[in-house]
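Take a look at this single chain in structure tokens; it is the form predicted on its own.
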């Protein structure tokens, strides 16, 4: 069948194998030469693509929940949506979530996902206590910070390349409400935006939308969104009402002009009320209301470019990146800026202390040439790109920016010497 990541690029034919029989999975892993685990295929990259994919979606059970020690054990194919539905009525929530609930636990671990609270708590991997894994030999092992520690550090952020995650135990967060007090602050320039982040760093949650279609004095303008959980003992789960993007937009629909119009409109009407109350769904997952929103980019698909640079290089880097966009007459339809706290010790984890910017670009004739020029800026400012969002980075760039890559390769060569667990991305980057 045809499969792709969320960016609809690349799209390949793959044999998708889905089972909840562990012995059958072990047999496939022993016999097949090359495959990659997959979940809901919400990574933007080619990290879950191979001619054979092992779907985790039928392994979606909650195995145990300890409300006293605030820990839960689940199979890897369970979605964050199902986790929320189970945890919230009990007064708990996942400790870290990205901008969509339509990801699996296994994907969250493999990507070591981050959210709007990274500057406070770090990545999802910080809360994982143990993982049960099928290795390339078919053997099932447990790993944690106390045993098989190197495999544990390689699996969290390891893009599915160390083994098939069967289940994992992780800590959950006690909550007092599903409602958030939200404050918005408008920034008229990039300099103002970075100053606002620094001023409001004490907030538990922060994220900014940026307008990449404006230049000159307005370059980097946007809205900083700050959130704090209320204490009203409301644990409401909203009805799962969504709009559906049922057709693929024509490729020409998103262009420099239409994106500029969208950004101007968004900037003028967004968050007119400075303070408001938002349910967790609206606060965490604003894009989930529109199913298949990736279709607006057309049949050629799109790429997301997400980088992180140290704080001291952030202004110069973001300004240079936006000037490159201007020279190519491109704008990003969705642009998100966040601040990361300290990095962790997982070998291929993305976040480093500093600012991270994520941008979406429809695939055009000159898109990849533009991104190559952006790579030069990121490299010269000690930055890196997020593997979960990348579908075109070069091997040389990757090797220059991930400092723990050799540690990962060492563990990988021991537990998977024939490189059975592999993806289009891992082959492209030589992981």
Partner chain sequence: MEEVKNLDKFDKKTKSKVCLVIGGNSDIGKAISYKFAEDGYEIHLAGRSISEMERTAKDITNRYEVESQVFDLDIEDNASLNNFLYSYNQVPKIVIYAIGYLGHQKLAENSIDEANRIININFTYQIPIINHFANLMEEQKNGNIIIISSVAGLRGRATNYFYGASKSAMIAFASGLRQRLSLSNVFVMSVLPGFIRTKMTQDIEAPKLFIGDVVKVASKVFSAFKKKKTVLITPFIYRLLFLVINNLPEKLFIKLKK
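Not measured: the values here are computed from a predicted model. Residue numbers count along the first chain shown, from 1.
Although it is not shown, the form predicted in complex with the partner chain is what the next lines describe.
S.K.: Spell it out for me: taking the partner chain in the predicted complex, does every residue among 343, 386 and 410 have a heavy atom no farther than 4.5 Å from it?
M.R.: No.
S.K.: Where, among 321-329, 183-191, 202-210, 83-91, do residues come within 4.5 Å of the partner chain in the predicted complex by heavy atom distance?
M.R.: So the stretch in question is 83-91.
S.K.: In the predicted complex, which of the listed residues (135, 128, 357, 78) lies with a heavy atom within 4.5 Å of the partner chain?
M.R.: Checked against the cut-off, the match is 78.
S.K.: Looking at 60, 70, 404, 52 here, can you tell me which has any non-hydrogen atom within 4.5 angstroms of the partner chain in the predicted complex?
M.R.: Answer to the contact question: 60.
S.K.: If we define contact as a non-hydrogen atom of the residue within 4.5 angstroms of the partner, is residue 64 a contact of the partner chain in the predicted complex?
M.R.: Yes, residue 64 sits close enough to the partner chain in the predicted complex that at least one of its heavy atoms falls within 4.5 Å.
S.K.: Residue 419: heavy atom within 4.5 Å of the partner chain in the predicted complex?
M.R.: Output for residue 419 is no: heavy atoms all beyond 4.5 Å of the partner chain.
S.K.: Within 4.5 Å, heavy atoms only: does residue 352 come near the partner chain in the predicted complex?
M.R.: Answer no; every heavy atom of residue 352 is more than 4.5 Å from the partner chain in the predicted complex.
S.K.: At 4.5 Å between heavy atoms, is residue 348 in contact with the partner chain in the predicted complex?
M.R.: Taking the distances in the predicted complex, the answer for residue 348 is no, it never comes within 4.5 Å of the partner chain.
S.K.: Pull the contact list for 16-42: residues with a heavy atom within 4.5 Å of the partner chain in the predicted complex, in sequence order.
M.R.: Residues within 4.5 Å: 18, 20, 21, 22, 24.
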